[in-house]
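One chain follows as structure tokens, the form predicted on its own.
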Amino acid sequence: MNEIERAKGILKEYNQDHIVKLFDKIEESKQSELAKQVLNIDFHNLSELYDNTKKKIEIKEREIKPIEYLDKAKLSATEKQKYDELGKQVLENGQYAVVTMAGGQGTRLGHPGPKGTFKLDVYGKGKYLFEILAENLKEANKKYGKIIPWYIMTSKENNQMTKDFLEKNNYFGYDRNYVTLFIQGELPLLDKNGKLLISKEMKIKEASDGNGGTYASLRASGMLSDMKERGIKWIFIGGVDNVLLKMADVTLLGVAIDKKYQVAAKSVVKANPHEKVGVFCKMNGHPKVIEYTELPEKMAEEVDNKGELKFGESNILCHLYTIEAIEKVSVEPLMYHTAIKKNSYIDENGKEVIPDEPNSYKFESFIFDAFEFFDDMAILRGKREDDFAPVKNKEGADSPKTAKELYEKYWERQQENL
């Protein structure tokens, strides 16, 4: 049986007859490409994901407890020095690598390219998000006398554009021998009846599998092996859109080493009980981040005896792992979360359909769901004005305007402290 017949058999088995009908309407080369794609899909997993869209996520309040943290601003000079020294040794020994998650497009910002190519209007002439990150890393390289290997995770959609952009800008002065791009995984989109969507190119429509796919992508792309060859012991993973992200915070690293934890993260205090951010907690005795949509309102508003929010440690995608921790979670299946999106598609008659409202499920795993595989993790509370200035929305909160103000004020303070 050839691969086209095998693909048709699988499609029939999983009630995807609309694609079987399309096969006979497309040219042979496209048939072969489509068949290869079908044969690479884990339909059993996809069916389970679709079934889960019918189930409601339930979180039992009794399972959730606040998580312990250290407040960086309240550390004594002796404590801070101890942590900084421990962290500094790792960087000076060249045992530290950074991963930037940059698979997204700047759509919400009204920007046509990859998000990292967005230019923030700072100091009149502006700086690209990738440029800001490169400066941050170059500063650390200068301070600790080693070049930090920088791994940038792109998507199939933006990989070539990202590569071209970085080359055109000479990697913003970063040694290109230490910059490696790799592509994150994808999962097919399903409509509300569990049917696969077909694109104008006569391919099954796919979308990135969420930032939780970072771990598996590090392994599958060979990046994990590359890190081991370089003698890397600690790996930082962060997003591309936080212009105050500290990618080489020796205090955070030192805390993790001192507490003998394999995973660590920096947090900032929630602006208010209903801020739309995920928060760190302990669930069933394991560290976890609960999304704001999944945290019961009563718990979101709870305060401790100091008047502080019990669940106030916001996740700002500032995560740190031992290489063993990454190896462990790169083979663990993470839970998937479902988002409902609007996607055009080709129907079984070959006609394009452009929906008026969200019509399809996108499945994403979240990077923080891997924390549950560990008994504990170190949380270091930073300051919002020093650590968190994301560029997410075109206007309002977390927009270029707010990020510009926070970024410029931060660097003014740094100059004053010199």
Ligand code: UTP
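From a predicted model like this one, the values you see are computed outputs, not experimental measurements. The first residue of the shown sequence is 1; numbering continues from there.
Beyond what is shown, the protein has a form predicted together with ligand UTP; the following relates to that form.
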{"property": "Ligand UTP contact in the predicted complex: D241, any heavy atom under 4.5 Å", "result": "yes"}
{"property": "Partner proximity in the predicted complex: S208 to ligand UTP, non-hydrogen atom cutoff 4.5 Å", "result": "yes"}
{"property": "Contact label in the predicted complex: G104 to ligand UTP, heavy atom within 4.5 Å", "result": "yes"}
{"property": "Partner proximity in the predicted complex: L317 to ligand UTP, non-hydrogen atom cutoff 4.5 Å", "result": "yes"}
{"property": "Interface residue in the predicted complex among E385, E33, E364, E68, criterion: non-hydrogen atom within 4.5 angstroms of ligand UTP", "result": "E364"}
{"property": "Single option in K115, K270, K127, K72 placed near ligand UTP in the predicted complex, where near means a heavy atom within 4.5 Å", "result": "K115"}
{"property": "Answer range among 233-241, 171-179, 278-286, 90-98 for contact with ligand UTP, defined in the predicted complex as heavy atoms within 4.5 Å", "result": "233-241"}
{"property": "Stretch 150-166 - residues with a heavy atom within 4.5 Å of ligand UTP in the predicted complex", "result": "M153"}
